[in-house]
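Take a look at this single chain, the form predicted on its own, given in structure tokens.
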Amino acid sequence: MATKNDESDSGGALREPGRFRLLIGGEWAEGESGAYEIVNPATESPVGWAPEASAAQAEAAARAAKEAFPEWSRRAPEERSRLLRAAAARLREKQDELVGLVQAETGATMTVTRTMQVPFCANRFERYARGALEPNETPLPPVVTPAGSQGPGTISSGVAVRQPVGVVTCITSYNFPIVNMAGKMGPALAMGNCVVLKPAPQDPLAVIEVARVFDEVGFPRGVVNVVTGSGPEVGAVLTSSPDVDMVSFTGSTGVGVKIYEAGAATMKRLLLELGGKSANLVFDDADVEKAVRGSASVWTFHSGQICIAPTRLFVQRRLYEEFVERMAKFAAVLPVGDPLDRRTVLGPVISAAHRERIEAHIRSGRDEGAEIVAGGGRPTGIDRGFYVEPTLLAGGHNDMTVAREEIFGPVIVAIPFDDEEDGVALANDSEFGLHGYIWSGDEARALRVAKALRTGTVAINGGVQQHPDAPFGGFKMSGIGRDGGWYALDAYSERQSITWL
């Protein structure tokens, strides 16, 4: 699956069909270290060739962004808003083209791709086109200082001003490549920052096309840059470069720790949205059917490749056996297979290596004493693609590796709990704290439990859908900072105080 060839200097994201380019300082360039193949996770066939940027090209992208920053940061908010709105409109015009590309390189089902992967990207740019026009100054109340030994009485006033940070490196995960990138680019650009995009190595092609759109609609040279690479070299340059002022990263906690360390020497501002192992508490007075369907989102939503997936299933003991049985029956009837088939609910995971990692976790759960009550292997009748059956482990405990580590796949571990106190203790017994779920007919109790959970977001009697303007981020090892809505504008800015007498 390749996008339309374009030989022009201004928009030539492709040199030839299937071969993509980098965007550095307004120029489209081949990767100095060659190119690498992007593979369709469902068919194992080639999608296209991504440019392999060199360390020097990553440094050049950061430098180009730094050079573009003074002029861009002085642009009127109305102009930044206009350009973001134009990019959103152009993305909607290219929706069908982008749907095909995103689906091919991510392996997501057509339902997920058409309803979320592409439309949400344009939605986010439209949101931050509006955000560029939101007030950046907060008046401070006047303070009266009485006359004294230092002189006559005074009245001091001031404002707190939100200023752009500077150059932002945006590094995203592979699960929702352009949606995640739009969530970083939108508020960063709205605030007057310049960006260097570094998409995940598994599926960078659609992100390159998004950068191409920004080039087409007239963003100044150097404001938006994109570099790609199959290994860690490019990311390492962009997280340590003195030309970069901030790193916004979505991905694993292990990589997040390395970014934290790399940025320390230059005091980089950080926004880290890291791993999750979300607790899913089902009380014995819950609407069982609704809770089963919500809990099964691990299997039905992008093959469990979401950081907020409810993978630790804690069920109150009286309901436990019934709930596990119903979950197992649900898994058994889920259509697994070709993501282009509208009937398919569960498609492949991103790569062969990731499938092997998921399978190793399933084996460890079994070896540590859990029972595989659904799935556990590869679906029969599928010869190609990186598929894993929807898997449910039961009879385990919260100290198992499968209950401690993020799997990022269609695997749930079910563990019983006794009462509210026990459920909260189990839910909080994790190094992660990104998201949590509560199912209960007692809404007062659900709210009480939600406030007791050490996690950035809690959904009560609901699934993985997020309020678009709610602050999003994690406690503990799940990250630093918050984005989403107004909070993202704050995240990509510095607070400056200006006072006067």
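Start at 1 and count along the sequence shown; that's the residue number. Remember, predicted model here, so these are calculated numbers, not experimental data.
This next part talks about the form predicted together with nicotinamide-adenine-dinucleotide (NAD), which is not shown.
**Student:** Asn280, Thr239, Gln117, Gln316: which sits within 4.5 Å of nicotinamide-adenine-dinucleotide (NAD) in the model of the complex by any heavy atom?
**Tutor:** Only one listed residue qualifies here, and that residue is Thr239.
**Student:** Going by heavy atom distances of 4.5 angstroms or less, which of Gly377, Gly218, Pro142, Pro232 would be at the interface with nicotinamide-adenine-dinucleotide (NAD) in the model of the complex?
**Tutor:** If I apply the 4.5 Å criterion carefully, the residue I get is Pro232.
**Student:** Does at least one non-hydrogen atom of Arg366 fall within 4.5 angstroms of nicotinamide-adenine-dinucleotide (NAD) in the model of the complex?
**Tutor:** Arg366: no, not in contact with nicotinamide-adenine-dinucleotide (NAD) in the model of the complex.
**Student:** Since only the chain is shown here, I'm wondering whether Ser252 would be in contact with nicotinamide-adenine-dinucleotide (NAD) in the model of the complex (any heavy atom pair within 4.5 Å).
**Tutor:** Close contact exists here: in the model of the complex, Ser252 approaches nicotinamide-adenine-dinucleotide (NAD) to within 4.5 Å, heavy atoms only.
**Student:** Look up in the model of the complex whether Pro201 has a non-hydrogen atom within 4.5 angstroms of nicotinamide-adenine-dinucleotide (NAD), and give yes or no.
**Tutor:** Although nicotinamide-adenine-dinucleotide (NAD) is absent here, Pro201 would touch it in the model of the complex, with heavy atoms inside 4.5 Å.
**Student:** Since only the chain is shown here, I'm wondering whether Ala129 would be in contact with nicotinamide-adenine-dinucleotide (NAD) in the model of the complex (any heavy atom pair within 4.5 Å).
**Tutor:** Ala129 lies outside the contact set for nicotinamide-adenine-dinucleotide (NAD).
**Student:** Taking 4.5 angstroms as the heavy atom distance cut-off, pick the stretch from 85-93, 340-348, 157-165, 257-265 that is near nicotinamide-adenine-dinucleotide (NAD) in the model of the complex.
**Tutor:** Looking at the other structure, the answer is 257-265.
**Student:** Give, in sequence order, every residue of 260-298 that has a heavy atom within 4.5 Å of nicotinamide-adenine-dinucleotide (NAD) in the model of the complex, or say none if there are no such residues.
**Tutor:** Glu273, Leu274, Gly275, Gly276 sit within 4.5 Å of the partner.
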